[in-house]
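The data below hold one chain only, encoded as structure tokens and taken in the form predicted alone.
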């Protein structure tokens, strides 16, 4: 399985040059059965990363461009009356796919954003009083532009908490950008991608994540981190139990990606910014600085 994981990372790296760390974080998120939020400026490769993940993992993929006039029915589907049969027939929306790319999710109204809450948490949607299960596996990869850009709506805390990770791609390295200038076309590389996994293979990898061991001393460190967020004056809102579990699941996936059967403190620290950055609240709104302080202030070994 380690060879498959390395091949997945390498394949996506051919499309998204110089972003191996972010690719591994995104893969760890999906192996942890979580949803991913990618926040960055337009043109950084957010949509490309989502499409590449779907291609390599062998997932059915649908993309929805969120706009201010979008309605919840545009995502989950709608029942339409058919005159010939005299009955209503439900037409599935794009949410009925294994990987849904919610592009520029924060350009839609809060009402439309909330249409994804049940789908992300329960893997099902309720329409016209009937509950309909979603395909398995089911992932949401959402992209959003920085809030200072015009035409954006802030994602509510309940929506943010549904995302196991939030990552940012940032500007490419000098070497990667030079390769783009010299004719390396990410869209052409994307068309060349072939699935490395099928549904059974992905399920097997997800099962292996749960088998990665976390020692009692490692769990002690995790508990101290979580407790510090709840007691520190720097964090008006600390990590919830769901956030704490997300941190453990992501650390296990990170360890698996790097070929280990046990979690190290370094694994927790590697995924902490992506898992906790959007969950921790501060007056400045910058969770990244809070995470950096958290790592510095909480000792790996208890005093």
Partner chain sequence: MAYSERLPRESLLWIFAAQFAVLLPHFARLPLWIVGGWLLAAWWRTEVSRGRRELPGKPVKLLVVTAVVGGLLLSYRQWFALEPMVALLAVSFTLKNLELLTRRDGFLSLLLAYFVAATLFVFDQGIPHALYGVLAVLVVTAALVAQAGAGSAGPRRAIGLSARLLAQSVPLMLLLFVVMPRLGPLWAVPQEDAGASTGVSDSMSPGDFANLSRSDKPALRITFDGPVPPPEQRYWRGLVYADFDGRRWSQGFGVDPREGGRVYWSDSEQGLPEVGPRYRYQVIQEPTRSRWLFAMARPHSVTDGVGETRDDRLVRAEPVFSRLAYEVRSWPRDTINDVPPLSDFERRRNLQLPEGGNPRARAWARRLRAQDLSAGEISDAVLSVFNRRFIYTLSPPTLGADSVDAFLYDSQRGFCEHFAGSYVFLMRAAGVPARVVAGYQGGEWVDGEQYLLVRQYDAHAWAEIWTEGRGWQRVDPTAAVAPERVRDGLQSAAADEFMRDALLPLHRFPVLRQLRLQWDMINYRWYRAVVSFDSERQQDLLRDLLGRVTSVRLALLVGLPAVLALLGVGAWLWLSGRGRRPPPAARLYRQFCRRLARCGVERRRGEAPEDFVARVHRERPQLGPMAASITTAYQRAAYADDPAALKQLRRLVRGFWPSLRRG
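Residue numbers count along the first chain shown, from 1. Nothing here was measured: the structure is a model prediction, and the numbers come from that model.
One more form of this protein should be noted, the form predicted together with its partner chain, which is absent from this view; the next part is about it.
- Message: in the predicted bound form, does each of 117, 122 and 134 have a heavy atom within 4.5 Å of its partner chain?
- Response: Contact check failed for every one of 117, 122 and 134.
- Query: Of 67-75, 156-164, 106-114, 207-215, which is the one stretch near its partner chain in the predicted bound form, taking non-hydrogen atoms within 4.5 angstroms as near?
  - Reply: The contacting stretch here is 207-215.
- Only one of 56, 44, 235, 263 comes within 4.5 Å of its partner chain in the predicted bound form by heavy atoms, so just point that one out. The option sitting close enough to the partner is 263.
- Message: Given that its partner chain is not shown alongside this chain, does residue 8 nevertheless sit within 4.5 Å of it in the predicted bound form, heavy atom to heavy atom?
- Response: Residue 8 lies outside the contact set for its partner chain.
- Message: Given that its partner chain is not shown alongside this chain, does residue 296 nevertheless sit within 4.5 Å of it in the predicted bound form, heavy atom to heavy atom?
- Response: Yes - in the predicted bound form, heavy atoms of residue 296 and its partner chain come within 4.5 Å of each other.
- Message: Since only the chain is shown here, I'm wondering whether residue 220 would be in contact with its partner chain in the predicted bound form (any heavy atom pair within 4.5 Å).
- Response: Yes, contact at 4.5 Å.
- Task: State yes or no: in the predicted bound form, is some non-hydrogen atom of residue 300 no more than 4.5 angstroms from a non-hydrogen atom of its partner chain?
- Result: Residue-level check for residue 300: yes, a contact with its partner chain.
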